[in-house]
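Before any questions on binding or motion, here is one chain by itself as structure tokens, the form predicted alone.
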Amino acid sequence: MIEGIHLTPIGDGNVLLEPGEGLDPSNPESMVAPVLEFLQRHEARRLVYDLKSIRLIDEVYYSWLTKLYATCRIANVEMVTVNMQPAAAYALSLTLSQSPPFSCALDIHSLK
């Protein structure tokens, strides 16, 4: 069990990550290793990060996402975010100077 994160294998090497109330994006180091262990234990090929409950992606949250992405990449696991709220996407686009390193999809059903 990882504080603030719910991980669920959803088949075909996919694992769904749903952030919860207890997620503290300011301390990514405490969460990255347990997530990586879960992914390796379930032989994941893709981490699907559900952002539907995240209303704002600020610099701290974006840093958490990029650190998790880097960890996934090291483990040869693709990371895709889904269900990003329009307001969060707009606010994020105003702060970024380049595209995010991770993939973004409209929703989980649009993934191939």
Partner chain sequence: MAKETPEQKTTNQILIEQLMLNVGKISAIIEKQGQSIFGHKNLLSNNEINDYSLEFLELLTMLLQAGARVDRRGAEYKALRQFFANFSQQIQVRGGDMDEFVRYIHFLQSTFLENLEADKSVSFEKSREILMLLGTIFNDIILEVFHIYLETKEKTIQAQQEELKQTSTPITEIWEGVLTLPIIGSLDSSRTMIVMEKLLSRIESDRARVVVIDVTGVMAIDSQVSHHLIQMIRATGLMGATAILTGIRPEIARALTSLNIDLSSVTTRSKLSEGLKEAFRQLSIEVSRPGK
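Positions refer to the first chain, counted from 1. Here the structure is a predicted model, which means the values were calculated and not measured.
Although not depicted, the form predicted in complex with its partner chain is the subject of the following passage.
For a residue to qualify, one of its non-hydrogen atoms must sit within 4.5 Å of its partner chain in the predicted bound form; none of L7, M31 and V35 qualifies. For the options Q40, N27, Q85, S63, the residue carrying a heavy atom within 4.5 angstroms of its partner chain in the predicted bound form is Q85.
Proximity of L16 to its partner chain in the predicted bound form: non-hydrogen atoms within 4.5 Å are absent; the residue sits far from the partner.
Among heavy atoms of L23, none comes within 4.5 Å of its partner chain in the predicted bound form. In the predicted bound form, its partner chain sits within 4.5 Å of a heavy atom of D107. Using a 4.5 Å cut-off on any heavy atom, the residues of 59 to 94 that reach its partner chain in the predicted bound form are, in sequence order, N83, M84, Q85, P86, A89, Y90, L92, S93, L94.
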